[in-house]
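Here you get one chain, nothing else, as structure tokens; it is the form predicted alone.
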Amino acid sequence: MSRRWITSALFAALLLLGGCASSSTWGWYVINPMTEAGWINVRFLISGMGATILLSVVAASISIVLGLLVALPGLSERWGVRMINRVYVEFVRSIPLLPMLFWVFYGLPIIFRSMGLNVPIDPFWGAVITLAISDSAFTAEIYRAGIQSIARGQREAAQTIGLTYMQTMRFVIMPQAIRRILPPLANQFIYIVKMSAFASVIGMQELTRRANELVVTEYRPLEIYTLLILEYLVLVLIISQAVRWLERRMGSDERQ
């Protein structure tokens, strides 16, 4: 089935929403894929999905690595080392995403210039850095909880056969922990996908930015933002199904 017919099916669902309303109130024609003008608008909106997906994947990948690095000090028996984890997590979690995005995009270049460095930050990398840092605090807690959920006897058994700490984490603890933390990590990825909409305020051409630009030209916010919501819905449903498939492959459901 072609993308145009899929979009037509979505449009048919939109028509049901306005079925009881008069034509003077509703303006679904602006996103009607069966007309030339409507199809141009729909393609303009959908074209932002690639940027949203790329932004989310890159930010999530960095967050997963950074979150693990932050989580490891939280597992230490030394109070001073654990404080590194606690300070980072509590500080980052307390900052709203939008102010952090402004600080990264507008503030970091100023700091770099004060150090004699000319390092411009474009909207894409400004959004990636912000989302990765913001999400890493939550990811770190997911890692910490998952690792600590593994029975202590697993570590002791690994030590008795001569495995080092790193070997124990790599071959014994992490394979079991990953199975348990996969669902919450998937939730965090969905969170990143939705929060990527904030990138629109610094000019990144993702889904929400495209919708905002189209609203300015068409003056039909209800219809355009309804399609935007459906785009995010489809994207999240696809991610959810992919994660469920991965859970089955990895045997994350321990009830089975």
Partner chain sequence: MPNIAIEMTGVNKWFGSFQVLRNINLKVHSGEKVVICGPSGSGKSTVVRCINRLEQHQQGMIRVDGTELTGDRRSVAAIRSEVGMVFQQFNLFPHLNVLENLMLGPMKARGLPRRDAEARARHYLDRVRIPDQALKKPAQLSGGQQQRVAIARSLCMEPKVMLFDEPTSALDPEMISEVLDVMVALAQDGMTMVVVTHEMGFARRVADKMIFMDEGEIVEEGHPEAFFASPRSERCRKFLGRILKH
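Note that this is a predicted model, so its numbers are computed, not measured. Positions refer to the first chain, counted from 1.
One more form of this protein, predicted in complex with its partner chain, exists but is not displayed; see below.
- Not displayed here, its partner chain is kept clear of Pro120 by more than 4.5 Å at the level of heavy atoms in the model of the complex.
- None of the heavy atoms of Phe102 is located within 4.5 Å of its partner chain in the model of the complex.
- Within this chain, Gln167 lines the site of its partner chain in the model of the complex, having a heavy atom no more than 4.5 Å away.
- Although the partner is absent here, Gln148 lies well away from its partner chain in the model of the complex, with no heavy atom inside 4.5 Å.
- Residue heavy atoms within 4.5 Å of its partner chain in the model of the complex occur in exactly one stretch of 105 to 113, 150 to 158, 134 to 142, 121 to 129, and that stretch is 150 to 158.
- For the three marked residues, Arg82, Phe91 and Pro183, no heavy atom of any sits within 4.5 Å of its partner chain in the model of the complex.
- Interface residue among Ile178, Leu98, Leu163, Leu75 relative to its partner chain in the model of the complex, by the heavy atom within 4.5 Å criterion: Leu163.
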